[in-house]
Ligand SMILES: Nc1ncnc2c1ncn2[C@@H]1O[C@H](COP(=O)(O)OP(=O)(O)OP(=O)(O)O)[C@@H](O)[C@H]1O
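Single chain ahead, written as structure tokens, the form predicted on its own.
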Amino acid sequence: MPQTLNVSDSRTVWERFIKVLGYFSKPRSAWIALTLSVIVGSALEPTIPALMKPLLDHGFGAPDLNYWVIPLAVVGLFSLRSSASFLADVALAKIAQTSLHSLRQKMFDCISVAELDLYRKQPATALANTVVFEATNGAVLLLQSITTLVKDSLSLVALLGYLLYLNWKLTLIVLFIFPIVAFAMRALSKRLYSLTKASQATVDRLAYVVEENVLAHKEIRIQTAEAQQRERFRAVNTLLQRLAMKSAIAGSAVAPITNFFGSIALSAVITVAIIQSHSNSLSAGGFVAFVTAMLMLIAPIKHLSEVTSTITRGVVAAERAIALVETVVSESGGTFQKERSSGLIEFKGVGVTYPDATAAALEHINLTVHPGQFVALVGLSGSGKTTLANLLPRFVDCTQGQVLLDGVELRDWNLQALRQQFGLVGQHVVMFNDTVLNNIALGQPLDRERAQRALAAANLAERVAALPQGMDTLLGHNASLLSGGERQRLAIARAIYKDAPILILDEATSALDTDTDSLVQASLRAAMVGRTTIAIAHRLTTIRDADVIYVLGHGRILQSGSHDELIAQGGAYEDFIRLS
């Protein structure tokens, strides 16, 4: 089950809205253009009913009536309003895209340096959904809301001013709509917020189901679990549909309330206007102008009442994006830097206990790896081998003791400088949808000759040469053009290319067949020369020649020595060899 970023507190939707707007404050020139265009467009709202009043009061047949003034005025006013609207749309797009570009970049920057605990708590789909969809959706909805708020609020003020100018008594009747609409908006905003948050979490769940089914498609097919997984998807999909319908109902409720009380106000205005016309206190032109302006008033009131739904959805989406920027903790390191480590590694009383774990993953680990030494870590599954190796590049931090590289505690090293000291070949190979060359030289300067030597060392040069564009061939999703063993060898080529002083092999040959394994073992032996190497392996071919083999069990070192020494001792190593 994916976990969502917690952004809940006691603030109202409007308070959240004001805070979120701080991330959409640039560019200022676009904001100025948007403000001016909205002011101009809103100020022109009362001009249409204002033009009707003299026509009706003085008659179309008045001898001094200029027949060209009215059509020219209408065309001019509508052209000016259209130009203002166009400028507002362009300015809004500029603000949205500029702010969105900046926010997306900030989110990705945060993810790239976040503490690794984030990746254990957040599935890939949730993070991708936040960076790509939620940020975009939030930006669009919020900026649309701003335009609606400013434009329709100013239109409301302009039309109310004109109504007061025409007939303040009738205007008082119109004003009774506002507290009713405000009450309805306030009552529905809290429900909309909770429903939108629930929908957001359900979308994450739905995406997570899809992610698991894509990653485990072979297991699902071999277990004939397709129907079970379809039902799992259907259950979450149905829940999302229900939440969406509840949100739609809540968001649509304000409009009919506004229309109902607006019709009451209009009926009252017409009734009072008829009474006033009998006393000659209201002309026909004044009455038509007032009713026209009042009918025009309903549109901005309706828009302002509906904007609550848009603001709520936008705030919920934007808050999740902003939470990545504001709450995700970056990895921390020290200031010590060294271009190339000697390869001296020391574990002193090291213990590791994962959050919420009932037992320690490592306990009382004391060992020293000397420069240029080949050390193998062996043990049954769950013995702590990978945790021990993950301490070195600080993928995991120890909860007890110290790990030192060249006599300096790992936390005192600059993280970039520390990780530059390690080459890693893991059991789960990940390749990018990029060229062979870019996959090999990941993070390092591009050098085709160096890449060719790395491919040759990994016994992959001929296979790459046979690809359509050689090293410039796009490999597809996770190097789908290559077999599992070829992907493993490409990962070995990447480690060789990096030329780091310390090499970590975590089941580096696990995906290779026997023939290829022997070839790659020879390549790895050459790559180990002059380097400190730590290998986690089950294959005897990998560990037999290690200078020191450490046998781990239940997070402790049970035995240590060379292969021959451990065979002579018997015990845990002998059991391991027998079971491997």
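Being a predicted model, the structure only gives us computed values, none of them experimental. All residue numbers refer to positions in the sequence shown, first residue = 1.
Omitted here: the form predicted together with the named molecule. The next part is about that form.
- For the residues Gly382, Gly351, Pro371, Gly334, the 4.5 Å heavy atom test against the named molecule in the model of the complex is passed only by Gly382.
- Checked against the named molecule in the model of the complex, the residues Thr147, Gln427, Ser341, Asn459 give one hit for a heavy atom within 4.5 Å, which is Gln427.
- Judged by heavy atoms within 4.5 Å of the named molecule in the model of the complex, the contact stretch among the candidates 318-326, 354-362, 433-441, 82-90 is 354-362.
- For Arg539, no non-hydrogen atom is located within 4.5 Å of the named molecule in the model of the complex, even though that partner is not displayed.
- Taking the partner from the other structure, the named molecule in the model of the complex has no heavy atom within 4.5 Å of any heavy atom of Asn129.
- In the model of the complex, Ser194 stays away from the named molecule, with no heavy atom inside 4.5 Å.
- Put simply, Ser247 is far from the named molecule in the model of the complex: not one heavy atom of it is within 4.5 Å.
- If you take 444-465 and check each residue for a heavy atom within 4.5 Å of the named molecule in the model of the complex, you get nothing at all.
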